[in-house]
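Below, in structure tokens: the form predicted on its own, a single chain.
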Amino acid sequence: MRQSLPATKIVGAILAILALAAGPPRAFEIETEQYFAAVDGSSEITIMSTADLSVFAPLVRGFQNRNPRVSVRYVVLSSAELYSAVLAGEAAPDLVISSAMDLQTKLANDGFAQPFRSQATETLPAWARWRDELFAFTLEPAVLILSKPAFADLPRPKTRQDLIELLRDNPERFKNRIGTYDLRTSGLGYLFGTQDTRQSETFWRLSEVMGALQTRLYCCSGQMIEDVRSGELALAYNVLGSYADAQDESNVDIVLLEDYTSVMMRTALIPNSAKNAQLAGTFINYLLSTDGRALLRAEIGPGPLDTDTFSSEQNLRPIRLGPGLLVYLDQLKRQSFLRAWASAIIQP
């Protein structure tokens, strides 16, 4: 008579089969995921992005208004997770959208993006398009945000030197009440930090002053903005301005510093592994279209790419696409930069 397997072994075998069916475990961490089903979903596109769902959802719906048969799977990851997932081949989206311009440039430079050309992409200036593989579609400044109650009887800083003097003169007000990106873990924070060093040595003096006041380090702009709004923080430095604009500003003052304000451009690329590259190109065209730009301008935090902005606002400095963005991705330069930054900002 054949003996039956113990129940524990049967359960174990079933779990093993289910695990194999599900495929290998995912090595990257998803923050949010939403499926935008089309009425007649005959086609589907997967977008992996660093933009919060609340910020990008109107653009997805606007795209679907023009392409009603296309369903969209929208997945949100951190810039570092997104880069690593594409680099390692652990993800195969049709379109990659990220705020980390340097990491996007490296993906394209290392052969992970395929070219795309259209009438819309051809109109982009050279500094907003790279090798017909990487395309900018927003302008988003790195800003200083202030708690209005905390600054009720203090002067509003106009430059980084103003900010340094304000912090030095009022240490009791600002100790443990300053926020900024953790450059070790935030791709966007690292981009803003390295761009700061290109603009002025003031960045290092400011980092030392902030470090002496036990500055708190964050992964994301959203949490910094929330903590400034609640009064937990008095100010936050190098916050993504588009996120601040998109939220209630009743307790928050947004400052574009007059010495210079770095402007990030959110970019899109079509990876080589894309299954629906043509639809991905259609989405890029929508982002650059009159309708897409109008939606960005009217309803969403990120502003559309507009070259006239830089002629009217002299303090705005665009972070240009190109091989210059690869300099601080060199491992030795990155390690050296982060050591110097950590020494300044993390003090006993």
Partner chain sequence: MNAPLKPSASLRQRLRLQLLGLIAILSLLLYFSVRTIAGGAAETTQDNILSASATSIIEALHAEQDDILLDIPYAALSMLGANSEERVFYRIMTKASTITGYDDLPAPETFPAPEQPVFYNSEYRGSAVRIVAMTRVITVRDTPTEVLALVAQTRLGQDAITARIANTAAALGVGFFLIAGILGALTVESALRPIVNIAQAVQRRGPHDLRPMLKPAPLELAPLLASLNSFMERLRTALLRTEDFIAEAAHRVRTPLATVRAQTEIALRRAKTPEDREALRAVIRAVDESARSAGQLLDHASVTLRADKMERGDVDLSALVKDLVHGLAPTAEIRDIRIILHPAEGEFTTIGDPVLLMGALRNILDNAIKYSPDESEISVVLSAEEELCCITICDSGRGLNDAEQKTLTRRFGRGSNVADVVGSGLGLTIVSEVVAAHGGSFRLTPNKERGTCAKVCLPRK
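These figures come from a predicted structure and were not determined experimentally. Numbering follows the first chain given and starts at 1.
Just so it is clear, the following notes concern the form predicted together with the partner chain, a form of the same protein that is not shown.
Among residues of the shown chain, residue 317 is not one whose heavy atoms approach the partner chain to within 4.5 Å in the model of the complex. The closest non-hydrogen atom of residue 110 lies within 4.5 Å of the partner chain in the model of the complex.
Put simply, residue 323 is close to the partner chain in the model of the complex: some heavy atom of it is within 4.5 Å. Among residues of the shown chain, residue 340 is not one whose heavy atoms approach the partner chain to within 4.5 Å in the model of the complex. Site annotation in the model of the complex: the residue of 184, 106, 229, 173 reaching within 4.5 Å of the partner chain with a heavy atom is 106. Note on contacts: among 205, 216, 129, 73, the single residue with a heavy atom within 4.5 Å of the partner chain in the model of the complex is 129. Of the candidate stretches 130-138, 175-183, 207-215, 236-244, only 130-138 has residues with heavy atoms within 4.5 Å of the partner chain in the model of the complex. Within 4.5 angstroms of the partner chain in the model of the complex, the stretch 323-348 places a non-hydrogen atom from each of 323, 324, 325, 326, 327, 328, 330, 331, 332, 333, 336, taken in sequence order.
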